[in-house]
Each structure stands twice: as structure tokens, then as C-alpha cells.
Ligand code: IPM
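For reference, the chain that follows is the form predicted on its own, supplied as C-alpha cells.
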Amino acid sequence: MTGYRLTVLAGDGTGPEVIAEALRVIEVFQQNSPISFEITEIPCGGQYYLETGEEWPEGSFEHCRDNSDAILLGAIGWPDARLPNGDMAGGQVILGLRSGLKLYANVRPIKLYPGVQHKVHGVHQQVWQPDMVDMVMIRENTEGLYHSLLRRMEQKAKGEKDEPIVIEEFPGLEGEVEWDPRPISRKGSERVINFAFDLARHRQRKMGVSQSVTCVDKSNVTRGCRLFRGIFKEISEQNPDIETDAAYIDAFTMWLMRDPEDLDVVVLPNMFGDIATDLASVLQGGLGMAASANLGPKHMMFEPVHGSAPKYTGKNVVNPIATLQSVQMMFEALAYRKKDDDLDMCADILQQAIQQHFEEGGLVTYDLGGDASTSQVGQAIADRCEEMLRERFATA
């Protein structure tokens, strides 16, 4: 039996509700397959801050860094939970882990399952087939506009005073001005763009279909994006077997809605990636279907994209599929890194269970037009996984 150390951060709002379904499914795999997890649950987030004055218990970051093969995060963010400097309470958890663990690649699959209607309505929708929406967007995860917040967190962690970068004036602007630097580095760009090409090659092998990599930026205006686009061109020349394309972010948003079938792997700087991936989620049925992975050289964290959804907290109505799909990504990433065939098989089974659930008209939550609860959908996926695992090992 292969065991892995899993740290679970349920977080705020509906985070604990969707994490409960993730743990339900993980337990099914532990009971019916050779894999096992040593699970540590750590409280964190804005609600925890309001109760304790801390964003998470002391030593939590070190535990995630030193005693975790993977991290599963529910959601962070709660109304009125703000630090004295105005920053969101809980940001040290999610952004601090991304920065501190060098989780530079935010991986967001955009896949439309048969039986799920996406949110783009009209004639064009009627002629789309589900397999025409199957791409992966790679967002740089540690630089860009979020770097200012990361820097403030690092200063806080070291006990240093928040000292913003000062500039004397902004010609043409009057009155109060706030601003954030947007640093984009060669090293940060190279590693995430190389990751995108490696992923495209991996998808080619697994799917048996050629893949392209598209660079999205605003290099006609901003210097950071000019660097990002220039490095993309350099790396493209080193990978002549992979087809490439490039677009400015404003034109890309139109491509995304109009011709998603033309996109395979997309790589973007941080803020553009944050916005474009949420937009892309409408092609897969909404944020309740949107999973993500945060990957670095040594660590990995997985989370649904939908956030804490405070107005739905405690109602047991939010869609758990994004979280279950994040668990599937965790299985797959751990299997790849650890060369674990059993875990890779479990990743395939969970993927099949989710797809078959929709193909066969399984229960869905309100966001997909149904009235099932969070726990009903989670239980249905867990039951399907258990049945598939028993069949698999009965014939082994």
C-alpha cells in the first residue's frame, strides 16, 4: 500500500462543505484500492481570523512545506475579515503558500462534459459538441500584480514594517493615487512557459492528438508583457514540434467565447490568467465545474476556483464537482511525480466516474439546472467510484 501525506485546508464559507465531499471520495479510494493518505486538517481563513486573530495556527506553513506531499484547499475569503492594513484575512494562506512553496504554475482545465450545458447561449451553442471545449490554461502564479500583496505578506511574516515602493508623482493624475507594481521576470516567465510546452507534449501523448500552445498577453502596451512574449518566442523556437500562436488579452477573450475548439494549452501572466480562466469557466458550466492545481518544483496544492460563496454557506447547495475534479488532478499529479501506477489508475477511475455521472443524467446542483444538494452529488460520485473500484479489483 502506497501512502501519501495530505494537508487539508477547508477554509471559509462553503469550503468545508465541498471539502467534506472530497474527503468522502478519498475515503472510498482508501477503502477499495492500494492507495492511502495520512490526512492532517488545519483550520484557516477569514472566519478563523475573526475568531482567533490569526489567519491559521502557528507552524501551519512549515507543516505544509515539510510534511505534505499534497495540499487540498477549500476556499478563502469572508466578508469583513480584513487585516489592519486592509488586506483580505486568509490571504497569507493561499497567496503565501503559492509564493513560499514556489507554486509558479496555476493549471486550470476547461472541459465541457457531455450532458452539461455551458453558459454561452444562442445558435452557436446548439452546434458545439462537448469535445470542442477541452483546453488547459496555465496562469503564472507568483508574479505580476499580486506580487505587491505577496511582498506585504513576506514583510509581515518577517516582522518587518510594510514599506511601499515610493514614487514622487504620476504626471497627468490629480488627487489621491494608489498603485501596484507589476513585475514580470525572465526566470518566472521561462519556467511557466516551459511548463506549458511540457504539458502540451504530455497531452499529445495521452490524447493522441497534436496540441498547440497559445501565449496571451498585452505586449503591445506593457513592458512586462513584451518580456513575456519575447521569452515565449525564444522557447517556441526550441520546440518546433509544437504549434504555437499568440494573442493580446482583449482579442483573446473574443476567441475564447467564439472558437474554443481552436485552443489546447494557453499560457498567461498572472492577472490576465486570473480573469480569463474565470471567463473560460462559462464554457464548462460555470465556476462550480472549475478545478485547479498550483504546481511547483517540490510542492503542489489543489483547489476549486469558485471561492467561499458566503451567501450559500450552510445551505448544502453548492456544486462539489470542482473540488472532486481537483482531487482527480491531485491523484494524477502525485501519480506522475511518484511514478505510482495505482494512483494513476485511481485518477482515471475518478475522471470516468465524473464523466459517466453527467453522461447518464446524474444528480446536479442548482447551478447546472438541478436541485440536488452538495452531499447528494458527492455521495453519487463516491458510490460510482466504489462500484468501479470493486469491478476493477475483482478482475485484477
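Each residue number is its position in the shown sequence, starting from 1. What you see is a predicted model; the values in this text were computed from it and never measured.
Another form exists, predicted together with the named molecule; not displayed. Remarks below refer to it.
Novice: Please tell me which of 246, 88, 227, 317 lies within 4.5 Å of the named molecule in the model of the complex, judged by heavy atoms.
Specialist: Contact residue from the list: 88.
Novice: Counting any non-hydrogen atom inside 4.5 Å, which residue from 118, 111, 147, 98 sits next to the named molecule in the model of the complex?
Specialist: So the residue touching the named molecule in the model of the complex, by this definition, is 98.
Novice: Hey, in the model of the complex, does residue 94 get a heavy atom within 4.5 angstroms of the named molecule?
Specialist: Contact with the named molecule, yes.
Novice: Looking at the partner-bound form in the model of the complex, is residue 274 within 4.5 Å of the named molecule by any heavy atom?
Specialist: Yes, residue 274 lies within 4.5 Å of the named molecule in the model of the complex.
Novice: I'd like to check something about residue 266: if you look in the model of the complex, is any of its heavy atoms closer than or equal to 4.5 Å to a heavy atom of the named molecule?
Specialist: Heavy-atom contact with the named molecule at 4.5 Å: absent for residue 266.
Novice: Wondering, does residue 76 line up within 4.5 Å of the named molecule in the model of the complex on heavy atoms?
Specialist: Yes - in the model of the complex, heavy atoms of residue 76 and the named molecule come within 4.5 Å of each other.
Novice: Can you pick the stretch from 215-223, 199-207, 173-181, 139-147 whose heavy atoms fall within 4.5 Å of the named molecule in the model of the complex?
Specialist: Of the options given, it is 139-147.
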